[in-house]
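Shown next as structure tokens: one chain only, the form predicted alone.
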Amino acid sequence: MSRTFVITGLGAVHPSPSDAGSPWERIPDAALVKPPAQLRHMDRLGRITLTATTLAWEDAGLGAASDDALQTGIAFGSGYGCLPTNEEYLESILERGGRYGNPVVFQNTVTNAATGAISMVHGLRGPTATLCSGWAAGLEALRFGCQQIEDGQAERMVVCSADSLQPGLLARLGLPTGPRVSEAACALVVESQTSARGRGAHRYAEVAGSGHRGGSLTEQARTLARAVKDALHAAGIAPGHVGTVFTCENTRKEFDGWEHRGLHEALGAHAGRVELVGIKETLGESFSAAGTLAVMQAARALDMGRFADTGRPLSSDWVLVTALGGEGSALAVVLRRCSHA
């Protein structure tokens, strides 16, 4: 990477952290922002995504649409996208007939509806992308956003990920028992170092490198190892620099086994010395939002030099975040503490 990317805004909505309760939890409606009148018909995915991105936008110190709107884009990642909305729309047709499809619901059945809503609310006219690519889509969106800045297509990207949940969807997906499932949306504002410094923005952390690999379902550990090695190479560091890994483990034995074997293959002997942090222990499995939530927590820890929940100091200025898609994809992101000199 020839340019430096920094995280300047953080925003998220999710159920209150808990390790008990129902098998799946949704974000309380009271936590969602009231959308502008022209967007009052957004579906749940659009509303939770808009809420998270608005929080990140405000946290980054960005006001109304600026003169450089063409230089700000959006990268949105989702595991299941508007599938719940499509289910709702088709169920009404099956129950009442093709003439009775709800046009208000129909407008949200396109995959990029949430991305368009964010663009309209914040007046963004830069490059946009909607990645509906599985559980690792959040980190994939972050990687894409950095690539857009690297290629000079934008100076700033709003990176967000979310999945809305319904009991019917979860039943049809046939998710294995084990992890508690939670709905969540998370957003980051990522921009070039030059842009951030020029407007005096607070910089939480630097995105130093990323890796994205795909492979066979029988080789998920090796796929993750390759993604981690690519991320470390892009960041220009050896495994020994990494002090903490924010993992994607979710209490599923097979899934967690892939994670541990992949880290040991990529980090070698150092894997036994790094501190592992699993955010899903308290927040649950939030699919595409999990990777972005992990980046948010890692960025906060790097900014403070310690873990927010325990106050323990970080052992290194370098943090690794991982995500497994469960369908053959794996991503890894290396974050570094910013120098505020």
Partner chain sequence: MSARRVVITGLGVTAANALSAEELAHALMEGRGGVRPTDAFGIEGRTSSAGVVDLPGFDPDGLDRVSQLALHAAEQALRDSGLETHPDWRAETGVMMGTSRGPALSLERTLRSSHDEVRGRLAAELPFSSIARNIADRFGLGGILSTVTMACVSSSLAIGRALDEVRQGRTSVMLAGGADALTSLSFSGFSVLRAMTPTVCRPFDHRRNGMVLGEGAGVIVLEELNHARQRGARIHAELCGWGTAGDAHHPTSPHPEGRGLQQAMTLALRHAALSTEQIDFVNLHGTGTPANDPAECHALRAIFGARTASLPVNSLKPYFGHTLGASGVLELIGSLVGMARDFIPPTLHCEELDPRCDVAVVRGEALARRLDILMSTKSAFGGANVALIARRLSDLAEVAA
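Predicted model, so just to flag it, every value in this text is computed and none were measured. Numbering follows the first chain given and starts at 1.
Below, we refer to the form predicted in complex with its partner chain, which is not included among the displayed structures.
With the partner removed from view, the residue among Gly209, Pro179, Pro239, Pro127 that has a non-hydrogen atom within 4.5 Å of its partner chain in the predicted complex turns out to be Pro127. Only one of Thr247, Ser195, Ser119, Thr244 lies close to its partner chain in the predicted complex, with a heavy atom inside 4.5 Å, and it is Ser119. In the predicted complex, Leu32 stays away from its partner chain, with no heavy atom inside 4.5 Å. At least one heavy atom of Gly152 is located within 4.5 Å of its partner chain in the predicted complex.
Its partner chain is not drawn, but in the predicted complex it has no heavy atom within 4.5 Å of Glu265.
Residue contact with its partner chain in the predicted complex: Cys82 places a heavy atom within 4.5 Å of it. Note on the interface: of 181-189, 108-116, 254-262, 199-207, the segment with non-hydrogen atoms within 4.5 angstroms of its partner chain in the predicted complex is 108-116. The putative spot formed by Asn86, Tyr89 and Gly328 is fully lined by its partner chain in the predicted complex; each residue has a non-hydrogen atom within 4.5 angstroms of it.
Contact annotation for 127-154: residues with any non-hydrogen atom within 4.5 angstroms of its partner chain in the predicted complex are Pro127, Thr128, Ala129, Thr130, Leu131, Cys132, Ser133, Gly134, Glu140, Arg143, Phe144, Gln147, Gln148, Asp151, Gly152, Gln153, listed in sequence order.
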